[in-house]
Ligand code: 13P
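Before any questions on binding or motion, here is one chain by itself as structure tokens, the form predicted alone.
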Amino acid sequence: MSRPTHIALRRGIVTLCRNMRALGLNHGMAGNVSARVAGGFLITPSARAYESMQPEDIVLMDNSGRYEGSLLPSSEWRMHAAILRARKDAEAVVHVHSPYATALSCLRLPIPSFHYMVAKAGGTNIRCSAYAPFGSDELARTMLVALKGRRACLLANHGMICFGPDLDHALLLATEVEALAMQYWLARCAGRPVLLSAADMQLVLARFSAYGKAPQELPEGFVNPLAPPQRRAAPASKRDATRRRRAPVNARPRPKRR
């Protein structure tokens, strides 16, 4: 067997899979994870427990759908391949059967604009795809429809899928979508949630476009809707700052020696 490539990324996938279990996003061997590499992607193997999974078990696939090694790729590799082909902003994909997102998907309920954090998935709601059998080309196609303009969606009678610019951000979005699914479920149990308007959500989306970014990271001429405070200019050096603190207010210059 040849020595596996992309060792650091393989280790990251294994760590993420175990974190999914610890966070309650998955149970048993449910769910799968992938990450883009040159010419294809790495993906978790089929029917392999996360506790025993090793970096060399992660399967390398090329862009034409062929795999290397003795282990089969996840049965959901078509969904991962479809996202990585269609979305240039996707570097890592996370698919989970988390409890609340899955419950809503079984009711075929999208997550509407009941909370502004819905915009973290990229739009004014989180859609639920049409139903299709797991592991099928049809599921990959219906998923892409639900993901149009979004970074996450529910999969009817199945679970949830999302993607991000790296493994950490993909997992973070998965946890946020599951939290929103739980909050929406609880709000519906208590009554009828009041939804934010389209105008409200457009303002939220504009604010998220600048969220966490330093001024130099924003496009030239961009007006930041968050209106961050001004940054104080740092002193030239600690030594200069110390001198200014120690200097007397009315200090007279010393006479020059002859």
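What you see is a predicted model, and the numbers here were worked out from it, not measured in a lab. Numbering starts at 1 and follows the sequence shown.
This protein has a second form, the form predicted in complex with this ligand, left out of what is shown; the following refers to that one.
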Note to self: Taking this ligand as it sits in the predicted bound form, is C189 near enough to touch it, meaning that at least one heavy atom pair lies within 4.5 angstroms?
What the structure shows: no
Notebook entry, point to check: Using heavy atoms and a 4.5 Å limit, would one call A47 a contact residue for this ligand in the predicted bound form?
Noted result: yes
Check: R151 near this ligand in the predicted bound form, any heavy atom under 4.5 Å?
Finding: no
Next item on the list: Answer for E178 alone: is it within 4.5 Å of this ligand in the predicted bound form, judged on heavy atom distances?
Entry: no
Next item on the list: Among 141 to 149, 116 to 124, 92 to 100, 179 to 187, mark the stretch whose residues have heavy atoms within 4.5 Å of this ligand in the predicted bound form.
Entry: 92 to 100
Item checked: this ligand: the contacting residue among V204, M29, L196, L60 in the predicted bound form [heavy atom, 4.5 Å] -> M29
Check: Listed by sequence position, which residues of 66 to 98 have a non-hydrogen atom within 4.5 angstroms of this ligand in the predicted bound form?
Finding: S74, S75, E76, H95, H97
